[in-house]
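Single chain ahead, by itself, as structure tokens, in the form predicted alone.
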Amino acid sequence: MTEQTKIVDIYIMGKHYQVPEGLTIMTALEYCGYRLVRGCGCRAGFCGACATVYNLKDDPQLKFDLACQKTVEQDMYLAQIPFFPAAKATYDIEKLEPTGEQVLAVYPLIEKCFGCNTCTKACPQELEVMWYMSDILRGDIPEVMNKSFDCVMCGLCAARCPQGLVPYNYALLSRRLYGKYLAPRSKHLEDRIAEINANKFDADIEKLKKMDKKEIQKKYQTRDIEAAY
């Protein structure tokens, strides 16, 4: 640590620590000696495992983010939140229809949403959670898919909902219905699946399995790359 490094004061579970400015909440926890076993998945903002609630000195309002993305601030108060259960229905996607009525049949509690917008405020991805909840009630599955596409399933919307709703699970079902029934079909993907089912690539796969690591790396580095258009 150089002399120019700025130090900030943070509080973890009520205990005072000093850490270098610029660390993420996750790295600050580890800098302070905490060993993260849970709540530290991809560390790149994709898995949603490190959902974090914090506040700042003299500001009682709770704030929300992903610990692997949010950097520490002066007088930040941190707490590790435990896993919280969220109701997830069991369903067979093959037996469902891509409609809002179907989503409501699987998750009837959606109708309890009264539009308080707490879910949107809690979302670290800044998704319009309340609005896609409204889209579900209107039966607009494609719009639910569009608005919830970047959801990382961190669960903060469910943790903060005063009605005990689980918006991210409702959006997940909607995206699955869209992908199964409404998304435009890709001809080249269907062709490739047919080739796989016809065992076209079995010999190549067996050949790869017998190569050593250096051969595989060389083959990867010298592969043909299709030009982007």
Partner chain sequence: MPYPAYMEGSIKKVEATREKRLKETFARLTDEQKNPLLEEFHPDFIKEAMRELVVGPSKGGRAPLELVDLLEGNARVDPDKIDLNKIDYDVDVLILGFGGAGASAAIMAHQGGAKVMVATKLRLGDANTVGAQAGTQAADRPEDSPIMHYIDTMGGGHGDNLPDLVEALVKDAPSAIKWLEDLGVCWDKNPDGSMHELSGGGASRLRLHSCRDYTGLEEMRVLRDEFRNRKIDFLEYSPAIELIIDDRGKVSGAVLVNMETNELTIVRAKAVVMATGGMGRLHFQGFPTTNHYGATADGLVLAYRAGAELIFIDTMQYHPTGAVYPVQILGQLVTEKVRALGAQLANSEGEQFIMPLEPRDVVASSIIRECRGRNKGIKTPHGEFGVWLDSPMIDLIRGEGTIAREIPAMVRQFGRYDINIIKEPMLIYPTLHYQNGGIKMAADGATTVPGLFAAGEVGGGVHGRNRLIGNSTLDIFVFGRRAGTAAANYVKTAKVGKLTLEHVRRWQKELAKAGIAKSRPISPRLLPDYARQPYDYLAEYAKEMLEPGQIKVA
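Think of the rigid core as the biggest set of C-alphas that the two forms share within 1.5 Å after superposition. What you see is a predicted model; the values in this text were computed from it and never measured. Residue numbers count along the first chain shown, from 1.
Missing here is the form predicted in complex with its partner chain; even so, the following discussion is about that form.
K.L.:
With the partner left out of view, is Glu111 within 4.5 angstroms of its partner chain in the predicted complex by any non-hydrogen atom?
P.N.:
Close contact is absent here: in the predicted complex, Glu111 is far from its partner chain, nothing within 4.5 Å, heavy atoms only.
K.L.:
Any chance Ala49 has a heavy atom within 4.5 Å of its partner chain in the predicted complex?
P.N.:
Contact check for Ala49: yes, within 4.5 Å of its partner chain in the predicted complex.
K.L.:
Indicate whether its partner chain has at least one heavy atom within 4.5 Å of a heavy atom of Lys213 in the predicted complex.
P.N.:
Because a heavy atom of Lys213 falls inside 4.5 Å of its partner chain in the predicted complex, the answer is yes.
K.L.:
Would you check, heavy atoms only and a 4.5 Å threshold, whether Asp150 touches its partner chain in the predicted complex?
P.N.:
Within the cut-off, so yes.
K.L.:
Just give me the residues of 187 to 217, first to last, that have a heavy atom within 4.5 Å of its partner chain in the predicted complex.
P.N.:
In sequence order, His188, Leu189, Glu190, Arg192, Ile193, Ile196, Phe201, Asp202, Asp204, Ile205, Glu206, Leu208, Lys209, Lys213, Ile216, Gln217 come within 4.5 Å of the partner.
K.L.:
Any CA movement of 2 Å or more for Gln61 between the shown form and the other one, core superposed?
P.N.:
Comparing forms between the shown form and the other one, the Gln61 CA shifts below 2 Å.
K.L.:
Kindly check if the Cα atom of Ala44 is displaced 2 angstroms or more between the shown form and the other one relative to the superposed rigid core.
P.N.:
Stays below the 2 Å threshold, so no.
K.L.:
Rigid core fitted, is the C-alpha displacement of Gln217 between the shown form and the other one 2 Å or more?
P.N.:
For Gln217, whose C-alpha is compared between the shown form and the other one after core superposition, the shift is 2 Å or more.
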